[in-house]
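One chain is shown next in structure tokens, namely the form predicted alone.
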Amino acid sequence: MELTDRVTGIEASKIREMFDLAEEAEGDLVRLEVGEPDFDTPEHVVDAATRAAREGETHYTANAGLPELRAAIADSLATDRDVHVDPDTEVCVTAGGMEALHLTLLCVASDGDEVVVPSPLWPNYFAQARLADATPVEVPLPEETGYALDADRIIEAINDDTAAVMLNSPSNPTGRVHDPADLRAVVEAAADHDAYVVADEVYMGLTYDVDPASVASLVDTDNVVLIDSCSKRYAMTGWRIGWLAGPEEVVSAATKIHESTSSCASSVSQHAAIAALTGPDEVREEMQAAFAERRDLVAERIDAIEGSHLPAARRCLLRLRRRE
């Protein structure tokens, strides 16, 4: 008996290999392998989850998620990103942002299709495309520009076989916030080829020197599927709450197959997410300020290393010196 090409063609993430090694290691390690805040989940969020569990909110929810959570997500998108979606038909809550990506690509890509992926990239994008039986097409971004989004390069890779284009801003792993004009050009080119844009925005709310624009706010097209989660900005990685928001036909299809994957996200975690999205923002702001201070320190230390070359650090230092 043999396993399918769908799984044998996927390599385990080196990030997770390092995670497993770190879990087994002894001593005081500085953990840099996974994108996870080292802060605990805010207390009011934990309290909401505890209260929900004790009050019996421990049952299945609708496949698309609790109506109250979908409404909170829609309100947050409208207030923070000028993105307007119908919570009843254009939002599906998932078990983390990774499941949102998986469901989205299962809906929009299939055998013979291509998924355009700018790099450097989070390796999960390749795996997600292959799990949908599609072919990932890597488009390297130029190092000399600090890995800025080169719209012309990406547009050149888009053709009639393109099912989707992955856009990640703020970027993992570079931290780059891409220029709105370049993002807009890619979305419009994808629309011309009847391709979707999958906009991974899980690091929104944790930027320092610029306010990133949501891809979905830049264009008047119906081909953008927005992926987000509570994991990063609310320090809730273990709660596994994410969502996809966008065109009704994609969200409806994703909700349908969600029943055959995890059925629904954790009911208790969904109540925690409602508290995170609707509660006070001071804890997130404190976490963001701490990250900014650490980033500044790291940039200065790296810049002091002879022969080092890190464009993001140089940009950071320039901004610091302007402030001085």
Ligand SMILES: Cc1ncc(COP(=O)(O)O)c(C=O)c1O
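A residue's number is simply how far along the shown sequence it sits, counting from 1. The shown structure was predicted, so the numbers you read here are calculated from the model rather than taken from an experiment.
Note that the form predicted in complex with this ligand isn't included here; everything after this is about it.
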Notebook entry, point to check: Is there any non-hydrogen atom of residue 125 lying within 4.5 Å of this ligand in the predicted bound form?
Noted result: yes
Notebook entry, point to check: Does the 4.5 Å heavy atom contact test between residue 98 and this ligand in the predicted bound form come out positive?
Noted result: yes
Note to self: Residue-level question: is residue 90 within 4.5 Å of this ligand in the predicted bound form, judged on heavy atoms?
What the structure shows: no
Next item on the list: Spell out, yes or no, whether the shortest heavy atom distance between residue 147 and this ligand in the predicted bound form is within 4.5 Å.
Entry: no
Check: Since exactly one of 115, 250, 202, 197 fits, which has a heavy atom within 4.5 Å of this ligand in the predicted bound form?
Finding: 202
Notebook entry, point to check: Quick one: of 119, 172, 135, 214, which gets a non-hydrogen atom within 4.5 angstroms of this ligand in the predicted bound form?
Noted result: 172
Margin query: Tell me which stretch of 184-192, 156-164, 107-115, 231-239 has a heavy atom within 4.5 angstroms of this ligand in the predicted bound form.
Written below: 231-239
